[in-house]
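Read on for two forms of one protein chain; each stands alone as structure tokens, with the labels structure 1 and structure 2.
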Structure 1
């Protein structure tokens, strides 16, 4: 239905909230409102993480405001708990939309016992075995090749599963990224590569990373379709991702989807974005907020009012506050947990090290 390698990004809702798609919308009212609620929850979660940082309850945050439409659209396009997700560190809204319990996300940020990964990763690096979410890795693009390997395993076993792997525009400058796409293209792996292009990799804008006009253009070299999508449009993000996932599931091979977004905050809590991008640019993009655009769309369909918007925010805020309280009131991860899960049966030397550690403590 969607053409790859378009000059203009694919969009289905204009900035005034008008439906401009050339097909009939097949989502129910409940489905549309779920997309909206998930976007709001993701924005609020992002804000809570910043509060955690400023109150000394965590040490690192990767802001994601502006990415909500792209991440919610991706989540809705796959089968949670069946398909596999290899995310990157800015994907909190994606994971929350997939059903990742909020208290476990907060626990991962704070290092308490409710964290499924037992406090073994730095903040913003979650993973979830039951949801088939591969643990986020710090080295940029290092998860792309393992994602392709997982997809090939699914192909060989005929499981019908699909892999979704996400990354920022900076990852496309890494060798692992190119090796992964090349291998996937050659082998016809059932995987969708999703580039959340927020136009800056730390302090370097996209024009200094690549001579290609679009990340999607690189798909030509690897024998797969490349789609350019307005990632501030949740319905465009959903429908294009749904098509890419469906063709991968049907055995038609991988696809590269570039979702054009804009991050309103700095690259991370260790970054001062004011030194490399003007404040006026950020403010101009805030006027294109993906949540506001979707609210206009819903309002035209008589599914949204300002009062309803406040109600949703209040409900989601209360859920997150309860989850945060539960996570932060839990016990800190015991240091001796570092010896768990290393071997199926713990060998003598680790038992000895654990004994020494406990004596020291």
Structure 2
């Protein structure tokens, strides 16, 4: 049982890789290595996206390096394909860890027909019905209230499912965010709100976003526990999320989990972060890298060597390369697809407009 509203973030691995939890670690070696592999894969995916951008295969990237431990920990805490996830645009590692096929993620980035969302949205906006991953929307925090609604449906229908929704620190300033937490609190909805607090909303640092010391503190006001976690610690992220998810599943209501992370890259491929934060700050955070920290932990348990790390990276890189190849060699989404899915059936005015487009193609 973790304490909510702690002053210091909950941490289970120290920076040297020592286990500092006050309970018995109950994960198998395989499970630990899966956490590791997923973080490595997420980091590589992020790097591949940047290559896609440089080679003109995509038009936008939201770098997520630094968020891996938080995202891998959350993914491991829910039941993929059973529980529902309402993510935001910086969650590639979460989605990959949930089993979102990498070729479909790449297809979304490039707008090819393998994207189940049919190329409708800008890059970094995936979604997958089969995996219960609600398609990402750009307007910040707009998905938080629908996430609560889905959780209420689960509660009213007694399905035993739970919702996980994620967002950045900036999102906590939007009215929709507060509306969602309030409603979930009142109804005891089975949902976990996960804040990936990377300290910046584009250039705006957290002190200008909120006068609260912690995002987790805001949970108080909505009648739910708020946990603050070291989000560079994959085991802390996993265990706290696991507890929050099982509370929700047992009918004890929602929780807010604040995961303290850092984004190493700029906000997006359109951003220049040197204008608003010093390089030294970024470098200092990179020294706390979640993957390196977990490698130290695994090494102490004789589960990791540098050679093994290299091997994992190679294997994951090959998988991603194959997925990318498949996604990018697929056909580009045809322009006339734009007239599908506006409504369940296409009304006459869209038939007319489709003809106007076809005339000019």
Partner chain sequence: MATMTIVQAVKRALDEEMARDERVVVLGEDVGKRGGVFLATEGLYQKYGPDRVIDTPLSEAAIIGAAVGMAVHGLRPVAEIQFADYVFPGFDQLVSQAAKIRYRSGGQFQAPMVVRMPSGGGVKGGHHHSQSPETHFAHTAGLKVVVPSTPYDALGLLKTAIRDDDPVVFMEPKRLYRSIKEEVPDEEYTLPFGEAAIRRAGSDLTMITYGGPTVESLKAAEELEKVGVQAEVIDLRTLVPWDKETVLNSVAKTGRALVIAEAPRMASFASEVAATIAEELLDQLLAPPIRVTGFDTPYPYIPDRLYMPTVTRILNAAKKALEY
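Throughout, rigid core stands for the largest set of C-alpha atoms superposing within 1.5 Å between the two forms. Fair warning: this is a prediction, and the values are worked out from it, not measured in the lab. Positions refer to the first chain, counted from 1.
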Mind telling me which structure is the form predicted together with the partner chain? 2
Indicate whether residue 20 shows a C-alpha shift of 2 Å or more between structures 1 and 2, with the rigid core used for the fit. no
For residue 10, state whether the C-alpha moves by 2 Å or more between structures 1 and 2 after rigid core superposition. no
When the rigid core is overlaid, by how much has the CA of residue 346 moved between structures 1 and 2, in Å to one decimal? 4.0
Inter-form CA displacement between structures 1 and 2 at residue 355 - rigid core frame, Å: 4.1
